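To begin, one chain is listed below as structure tokens, in the form predicted on its own.
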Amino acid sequence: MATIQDFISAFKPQENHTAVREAAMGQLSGMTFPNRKTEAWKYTRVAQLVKSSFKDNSGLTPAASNYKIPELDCHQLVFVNGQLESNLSNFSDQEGVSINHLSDQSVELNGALDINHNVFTAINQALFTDGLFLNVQKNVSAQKPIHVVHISMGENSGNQLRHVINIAEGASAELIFSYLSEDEHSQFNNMVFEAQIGANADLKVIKLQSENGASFHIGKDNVQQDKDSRFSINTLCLGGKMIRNDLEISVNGSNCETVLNGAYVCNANQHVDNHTVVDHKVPDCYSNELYKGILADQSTGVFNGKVFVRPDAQRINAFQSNGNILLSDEATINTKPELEIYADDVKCSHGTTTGQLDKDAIFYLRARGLSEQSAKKLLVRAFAGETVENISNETLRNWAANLLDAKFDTL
């Protein structure tokens, strides 16, 4: 397997946030890439990724010019190969809401993210080129959603973006992150998202991963919740050769609500791995996690969700569910929902199901005039659609449902 220094040698050193970068480079000197003996990466092999030669391909301009979500009035930041493309972006500050990007020299970064246990997070901290920096002040609600578009293009493009979000006490915001490919070249997106959600604050996130079939995507999401805060995320994994999402939520205050929904729809030889951790550290909190997968052809899926309930975290309601439908005999799912509970006054459950489409249901629909293919599509849409039903913004809910429909049409 390639060394870390070989893998990162083609990336250009960045000149801002030097202290943060130097700390990450120092950490990398003692790290190695995960392999089949690394428990957290047991079912996701990175050998093909790290043997490839990715590089910075900044300066390319996409042919398309409009990546807006239909009928959505929003701020839009478009990053092309890791750099903000001003001509495609349209955003402005609101009183109490500062929208900036990390390559701006005035932005300060404290480097508080834990880089000790994830080599790709450390690489991102050492080499990130840009990213969203959002600060919403106390008791302010961002009036428009913020859509962050990531466009990859060019041969062997390696893109490293880091997004830093601060939602102060009583504030709220809604974010959408889209990952798209302009062409069919092999590309690599290594992304970090970190958010601090203050007391009684609210952050909603939608993540769309729809890169081409030759692309690799590794994402690290780290969220810190203070008391009475609310956080929800909907992750749609629809495209890419290999996707790995690591989502860690630290529930640091009481009376918090945490909702994680995800849908992964895979065909051909796609591989999607969702790893989640919800860490309940204090009493009187609620979390609900629902991930659903539909796998066709020779695709593979991985789900590993873990909920911690710490010794003093009494009266926790935590629920976790993973469901999967296999549309072919060659498709594979490895699923492992977990609870680790050290308190005795809790209501917690977890479960997983894997199966094929109900033949009786298909027969019932065909008896009412649907073709076999239409009946199957209707069933898988109903199965996966539950993951987007709780998106409160109707425009975004319809957009997400349409994206799922378009993917289903390729199965």
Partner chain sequence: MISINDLKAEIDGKEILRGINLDVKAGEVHAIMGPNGSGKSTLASVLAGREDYEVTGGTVDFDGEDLLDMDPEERAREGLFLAFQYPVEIPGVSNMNFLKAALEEVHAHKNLDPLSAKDFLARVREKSALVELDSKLTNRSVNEGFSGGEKKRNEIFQMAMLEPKLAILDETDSGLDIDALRIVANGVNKLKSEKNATIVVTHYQRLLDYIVPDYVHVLYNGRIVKSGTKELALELEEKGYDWIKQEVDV
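Quick caveat: nothing in here was measured; it's all calculated off a predicted structure. Residue numbers count along the first chain shown, from 1.
This next part talks about the form predicted together with the partner chain, which is not shown.
Are all three residues Leu339, Lys347 and Thr352 in contact with the partner chain in the predicted complex, where contact means a non-hydrogen atom within 4.5 Å? So, no: the whole triplet misses the partner chain.
If we take heavy atoms and a 4.5 Å cut-off, which stretch out of 339-347, 46-54, 374-382, 28-36 is in contact with the partner chain in the predicted complex? Single hit among the candidates: 374-382.
Which one of Leu60, Ala40, Leu357, Leu370 is close to the partner chain in the predicted complex, taking close to mean a heavy atom within 4.5 Å? The residue in contact is Leu370.
Does the 4.5 Å heavy atom contact test between Arg366 and the partner chain in the predicted complex come out positive? Result yes; Arg366 sits at the interface with the partner chain in the predicted complex.
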